[in-house]
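Read the single chain below, which is given as structure tokens and is the form predicted alone.
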Amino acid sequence: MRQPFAITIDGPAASGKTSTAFQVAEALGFHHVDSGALYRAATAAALRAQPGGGWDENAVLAAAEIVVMQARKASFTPLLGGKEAEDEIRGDTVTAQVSVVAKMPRVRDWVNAQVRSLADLHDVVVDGRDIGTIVLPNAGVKVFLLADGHERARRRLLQRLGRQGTTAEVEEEMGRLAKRDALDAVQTVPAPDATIMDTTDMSQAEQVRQIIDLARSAGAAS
């Protein structure tokens, strides 16, 4: 029986990991797993239980019991209490707190266990920050995406606002991303055997095509 095949896509915030990972998964017939969405879902659950913040690991883990991963098309999506909560987990309130939650060792263990259990049973494309180094070190293909700060800010605003950001908006977003990078620096390190891709001047279609080529060369099903 063929073992499931895993592709990991790591990189800093707004480097294009999630959208690229989904398209790669869709093209290959794999399932996309967004590890960051699990941290966001746990954070959202904690905020529901204790809106003021200031949680310890036990509080976050207890709140996260309402999080369930469900297959939807080419991806696994976290549900909160059995219901979709994409807008909630991507909102500014969760974004402001998620790095704090992601640094909690037992929460990281919980997220990693969720990801590994899915990878044990399915062909997956998993994006995050330490997937190729810590979570799935034996993955068949590992990719680390980079992009300069201006381009990452531009992409993030386009995703959030549905339009190009103004110069002032881009500069403000660059500042937010720089702070996020500092918080996530320890986890955001490429695996020694990862293919590093600077996507600053690459279209998403080019990124997807290159990763699919890597996967097929490594023996992933077409």
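In case it trips you up, residue 1 is the first one in the sequence shown, and so on. Treat the numbers as computed from the prediction; the structure is a model and nothing was measured.
Here the subject shifts to the form predicted in complex with a small molecule, a form of this protein not shown in this document.
Notebook entry, point to check: Taking 72, 75 and 85 as a possible spot, do all three reach the small molecule in the predicted complex with a heavy atom inside 4.5 Å?
Noted result: Negative, none of the three is within 4.5 Å.
Notebook entry, point to check: Any chance residue 184 has a heavy atom within 4.5 Å of the small molecule in the predicted complex?
Noted result: Because a heavy atom of residue 184 falls inside 4.5 Å of the small molecule in the predicted complex, the answer is yes.
Notebook entry, point to check: Looking at the partner-bound form in the predicted complex, is residue 90 within 4.5 Å of the small molecule by any heavy atom?
Noted result: Taking the distances in the predicted complex, the answer for residue 90 is yes, it comes within 4.5 Å of the small molecule.
Next item on the list: Using the partner position in the predicted complex, report whether residue 40 sits within 4.5 Å of the small molecule, counting heavy atoms only.
Entry: The answer is yes: residue 40 has a heavy atom within 4.5 Å of the small molecule.
Next item on the list: Answer for residue 129 alone: is it within 4.5 Å of the small molecule in the predicted complex, judged on heavy atom distances?
Entry: Within the cut-off, so yes.
Item checked: Of 136, 145, 102, 124, the one that lies within 4.5 Å of the small molecule in the predicted complex (heavy atoms) -> If I apply the 4.5 Å criterion carefully, the residue I get is 102.
Checklist line | Region of this chain that lies against the small molecule in the predicted complex, out of 77-85, 137-145, 90-98, 116-124 [heavy atom, 4.5 Å] | finding: So the stretch in question is 90-98.
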